[in-house]
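Have a look below at one chain only, the form predicted on its own, in structure tokens format.
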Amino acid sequence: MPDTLPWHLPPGALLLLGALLMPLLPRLLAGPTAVLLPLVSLWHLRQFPAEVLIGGGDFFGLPLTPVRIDALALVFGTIFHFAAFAGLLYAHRSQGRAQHAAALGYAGSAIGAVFAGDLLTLFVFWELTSLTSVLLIWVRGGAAAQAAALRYLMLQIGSGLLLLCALVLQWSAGSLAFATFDPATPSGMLLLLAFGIKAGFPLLHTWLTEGYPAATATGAVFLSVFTTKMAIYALARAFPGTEWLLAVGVVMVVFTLIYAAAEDDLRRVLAYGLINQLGFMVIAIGIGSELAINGTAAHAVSHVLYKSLLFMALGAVMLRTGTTRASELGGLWRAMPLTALFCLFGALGMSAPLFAGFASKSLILEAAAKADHAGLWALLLAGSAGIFLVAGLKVVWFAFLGSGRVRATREAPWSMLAGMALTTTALLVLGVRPDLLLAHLPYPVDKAIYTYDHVITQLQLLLATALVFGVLVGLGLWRRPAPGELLDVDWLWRRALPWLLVTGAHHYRRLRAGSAATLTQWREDAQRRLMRSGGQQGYLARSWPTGSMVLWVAILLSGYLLLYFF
């Protein structure tokens, strides 16, 4: 195990250092420096061997491995660097030094977590991703965004606390290695929940569907990349073949289609679509075969590309119009033709031939078929068509086609167009030449992606989906969503819990007021009784004759003597 690091820095550390220095740089230098840092950091990563473990001291007698590099980590680390570069290029002209610093710190933390070889190092970077990512929501300003940021941070910190508890249990058991875990053990269960929060598991996903739409126009692009794919990497590393992940993934694929179809805010539609595609990866991890893990890694790469491209397109729309609500948008292709084209490429990138999503989903579908999960295979095929419908065609149609009340006056800034063009190029290159990706997956791949049957089946599926969408829109059966906010399980703490707190406080005040009135009445009654006996006119204040007193003393003494002698 080597004990030295290139420049004595782990992967991602250059981005963290850049985040710290960003506020000190002149404004004119901050943007270009932020854009170049991911390229320097990627070069630094390439100075490491392809397979290496690097130790770094100990923690209460247990050895630490702050850096572990292998094929699985390199896939995620490389796409994270590319996404950071494309995202910072996209945001070059549209955000200040504070957001540049947050984005660099966020990307560097996620990269550090991917290459962590022990739970303590993972925990440190895990928490850093929470603290840096929430800034991309907070800096938007306004009460709604800041409330969303606080709820986002609460769940993120909750994930970190679960990870910390698992770390302590593993330390007491004598190992801090970040390896495979048994989900039936206490530490394994805690780790699974910690990873599940950041992977958007059902009931734990609301930080994603609320936080991403509340972020800045450029911040949502970074949020769509790092946290969830970092969690997918952690699940693939720690829990391959955990069968009940199949059920979790199925729920993620199904329920998101319903909410994405009804949602008005198109960035929230993309957030539901993101969870849907995470469900594909969770199912593949649950299958656990070598082909399935390859499919997970490959789909994480393609998902980063097409989902960030869609968020980039809507970020440009938000910049030019101030909204991303389907009920207000329409016809933007006239003023923003390039953005509309890139958005269409993002929608096609999900599963169309010649795009990266086609190749990666092929691996997951093949893994399900080889594992004799015919039902899962059919569900994944239907889910692929469904998400193309509700989070692809819906976004393109309602934002850029048709008619709406809000119009853009000009195209997106050149930096945004450059970021979208770069991401589209990568999406197409890996789609046309999937071997460039397959050669770097964790396990050897012996599968032809572009077979006649698969291409024809996928084209038929997409064309049928587009035809159904066109018929529904043409007949007026699929209209623009109604304005407003659509809640799912977060209704419990955004509506029910505040109502319970307000109602409880009201009843508490009434009870307190009633109790105070009752106590006051009791006190006044007691005072009246005391005044009757001990007041100036009371029994105890009266003057008694001496003869009466002597008589009472004689009676009491006689009673005492009778009791004493008899």
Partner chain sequence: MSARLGLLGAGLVLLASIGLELVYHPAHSAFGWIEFPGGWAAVAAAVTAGIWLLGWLVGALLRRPPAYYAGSVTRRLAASPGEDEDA
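Please read these numbers as outputs of a predicted model, since none were measured by experiment. Whichever C-alpha set is largest while still superposing within 1.5 Å between the two forms counts as the rigid core. Numbering follows the first chain given and starts at 1.
From this point on, the text means the form predicted in complex with the partner chain, which you will not see here.
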| property | result |
| --- | --- |
| Interface residue in the model of the complex among 203, 98, 486, 429, criterion: non-hydrogen atom within 4.5 angstroms of the partner chain | 486 |
| Candidate from 406, 71, 262, 354 lying within 4.5 Å of the partner chain in the model of the complex - any heavy atom | 262 |
| Three-residue site 258, 381 and 509 fully in contact with the partner chain in the model of the complex at 4.5 Å by heavy atom | yes |
| Among 459-467, 192-200, 438-446, 243-251, the region lying within 4.5 Å of the partner chain in the model of the complex by heavy atom distance | 459-467 |
| Contact test in the model of the complex: residue 490 vs the partner chain, heavy atoms, 4.5 Å | yes |
| Non-hydrogen atom contact residue 288 with the partner chain in the model of the complex at 4.5 angstroms | no |
| Proximity of residue 153 to the partner chain in the model of the complex, heavy atoms at 4.5 Å | no |
| Contact of residue 502 with the partner chain in the model of the complex (heavy atom, 4.5 Å) | yes |
| Heavy atom within 4.5 Å of the partner chain in the model of the complex - qualifying residues of 432-456 | 452, 453, 456 |
| C-alpha of residue 509 moved at least 2 Å between this form and the one not shown on rigid core | yes |
